[in-house]
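Here you get one chain, nothing else, as structure tokens; it is the form predicted alone.
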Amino acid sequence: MPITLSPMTPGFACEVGDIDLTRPLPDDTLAEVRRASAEFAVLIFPSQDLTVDQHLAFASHFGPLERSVATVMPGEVLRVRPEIADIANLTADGKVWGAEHRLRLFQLGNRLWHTDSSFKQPTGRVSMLYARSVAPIGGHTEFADLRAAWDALDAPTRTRIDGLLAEHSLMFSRKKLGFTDWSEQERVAFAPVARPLVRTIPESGRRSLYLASHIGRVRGLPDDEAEALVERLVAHATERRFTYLHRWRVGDLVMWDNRCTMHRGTPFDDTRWPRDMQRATTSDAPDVFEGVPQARPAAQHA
């Protein structure tokens, strides 16, 4: 039986029916999902009942599985497999974390507009977030369509930013929240990488902004000018006309294309309500930014 598509917003977010992700999917069904993902950058698969292995098996159809950034954070005891990014507010023994828990302070960055793994090499391609338990109030996820945002930009801004390179790092986004407690191992792992502000999505041929709270510099621009430019682009890209808010239900799996979306979590009482969300993310092709220079001039290292 073919899958059914029920758009939630025109050309951006779509609910997918008549599909059971607990079972191996035939090639024609996977092809339908890929076609849907090329049109709708956010796909919602409701009422799933997945094991971790089933979650990872589905994600693996869309590229190599990443390992969680928590694997390079000294002293962190993983609650889940290293291929899963643990977006829960739970400690390794399953208790709701305290207000000063280091991982909590780190994960507050998920409430900033961001793109998964824009700071990695290779960068993130597809993320799949699965809801095992949800908070009774809040804890939604908001998505922004960076393709539509590019389409709506004025011509002078397009000309100005096309070809500019931005530097991405987890340390940049967490610094905005006052988190600067990094080990040397983390500083090495999260060293800045250069990415274009504008890219083309191969499957659709559409141009897209490539933005994230992880951006700390734009090469060739003074820091204050770069900050103002990125803030203006993010404000434009997250206007209501470009966004979709997902209100989670247990069993929802939401898949999105990190190459042309941003997202953020909305607040909830994370020291009171348990919320178990688990994310699998796949890597883009390692040569997708081949030719982008990574070494910054010495004067910019100060």
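Keep in mind it's a predicted model, so treat the numbers as computed, not measured. Heads up: residue numbers just count along the shown sequence, starting at 1.
Keep in mind the form predicted in complex with a small molecule is missing from the figure; the text below concerns it.
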property: Interface stretch in the model of the complex with the small molecule - options 163-171, 197-205, 93-101, 109-117, non-hydrogen atom within 4.5 Å; result: 109-117
property: Non-hydrogen atom contact Phe40 with the small molecule in the model of the complex at 4.5 angstroms; result: no
property: 4.5 Å heavy atom contact, Phe58 to the small molecule in the model of the complex; result: no
property: In the model of the complex, Val218 touching the small molecule (heavy atom, 4.5 Å); result: no
property: Any non-hydrogen atom of Arg79 within 4.5 angstroms of the small molecule in the model of the complex; result: no
property: 4.5 Å heavy atom contact with the small molecule in the model of the complex for all of Arg125, Tyr210 and Val234; result: no
property: Listed residue (Val193, Ala226, Ile84, Leu129) with a non-hydrogen atom within 4.5 angstroms of the small molecule in the model of the complex; result: Leu129
